[in-house]
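Heads up, the chain below is alone and in the form predicted alone; it's given as C-alpha cells.
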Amino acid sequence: MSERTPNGDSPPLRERAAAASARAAEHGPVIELDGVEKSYPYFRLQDVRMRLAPGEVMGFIGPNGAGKSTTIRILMGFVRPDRGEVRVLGHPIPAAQAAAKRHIGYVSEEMRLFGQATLEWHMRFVASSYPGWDAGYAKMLLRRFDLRPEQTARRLSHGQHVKAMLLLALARRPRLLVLDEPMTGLDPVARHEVLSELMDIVTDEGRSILFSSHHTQDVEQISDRITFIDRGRVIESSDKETFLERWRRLHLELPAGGALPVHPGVIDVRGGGRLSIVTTNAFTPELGAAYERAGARVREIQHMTLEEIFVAEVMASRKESLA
C-alpha cells in the first residue's frame, strides 16, 4: 500500500492560523456574517455565516454565479441584505461602512480607473484621501509590476489595469484587503507577479485578506482558511490543512463477488469490476485497514488537491440537496 502526498506549502500556514485564532479571541473577527440572506428573481443567497480572523487569509471559492460577489458586495455595503447581520472591522454594515472602509483595500474585476487620467494622478488622488498611503511602497510596486506613472489608464492592458488597481489598494497599507476575482483574464506572467506580491503580504500577520476566486490554484498558494460556496450556500469552511489532511482517494481491488462495507465520511464510490475508487472526507489510517479486513486490497491512497476537494464537495452537496 502506497500513499502519494501533495506538494508542501511554503508559508507556515498552521502557525499563522493559530496566531490568527489567538488574535481573533483577543480583538474579535475582522469579518462577521451571521445568517445573511439576499434574494433576486433567479438567485438567492442563503444563511451565509462566515468569520475572518485578524491576520488570516481566506480563500473564498465557488463556481461562477455561486454568490461570491454578492456576499462581498454585502460586506462592503454596496448591497443591503434582506436579513442577517454584517460587521467588518468591528463596524456594523451598512450603517457604519464609511468608518470601516478607511481601513479596507478593495479590488474587483469590475472596477475601472479614469480613462484619461494617468496612474500618477490616481496615486496622488488616493494618497490625498488616505493618510496611511506609503509612497515608498507605491514606488516599489511600480517597479515590481512594471508600471509607468505617466501612462493613462485607457492605454493600460488588462493585466496592467489589474496591477494598477492592486497598487492603489496595497499602498494604503489597509488592515483588510478584499479581492473579488482579481485574476480574471490575467496572463500567466501577470498572475505570477500578483500572487508573488500577495504571498509577500501574508507575512504581515496584522493584515487580513479575503480572496474570492473560482480558480483554486490561485488561492491555494496564499490561503490558510478556505470557504466553499455553491448556489448561494456556504457548503464548507475550514483551515486549508484540515481539508488536505482529511480528504483522500483510495484505490481498492476487490475479491471476486466482494462488496465494500459502508463507512462514515465516504462520499463517493466509483469503479467497475474488481476495481473501485473511494473518496472520503474523513480519512484515518483505520479506514484502509477496515477495507483490508473486509477482503479488499488497498492499492494506493492519494492525497487530493484543493481543486479536487472543491469539486467533490460541490457534487456531494448538490447530490444531498436532491435526495
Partner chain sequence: MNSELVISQADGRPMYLQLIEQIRRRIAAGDWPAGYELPSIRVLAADVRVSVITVKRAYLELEREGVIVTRQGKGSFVADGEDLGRRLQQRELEQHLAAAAELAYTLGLDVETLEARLRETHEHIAKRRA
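Numbering follows the first chain given and starts at 1. Worth saying up front: this structure is predicted, and the values here are computed from it rather than measured.
Absent from the display: the form predicted together with the partner chain. The rest refers to it.
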Interface check vs the partner chain in the predicted complex: of 74, 222, 183, 234, the one with a heavy atom inside 4.5 Å is 222
Which residue, 134, 120, 241, 109, has a heavy atom that falls within 4.5 Å of the partner chain in the predicted complex? 241
Could you tell me which of 99-107, 112-120, 157-165, 189-197 sits within 4.5 Å of the partner chain in the predicted complex, going by non-hydrogen atoms? 189-197
Answer with yes or no whether residue 297 is in contact with the partner chain in the predicted complex, where contact means some heavy atom within 4.5 Å. yes
Classify residue 150 as contacting or not contacting the partner chain in the predicted complex by the rule of any non-hydrogen atom within 4.5 angstroms, answering yes or no. no
Is there a non-hydrogen atom of residue 55 within 4.5 angstroms of a non-hydrogen atom of the partner chain in the predicted complex? yes
Taking any heavy atom pair closer than or equal to 4.5 Å as contact, tell me whether residue 245 reaches the partner chain in the predicted complex. yes
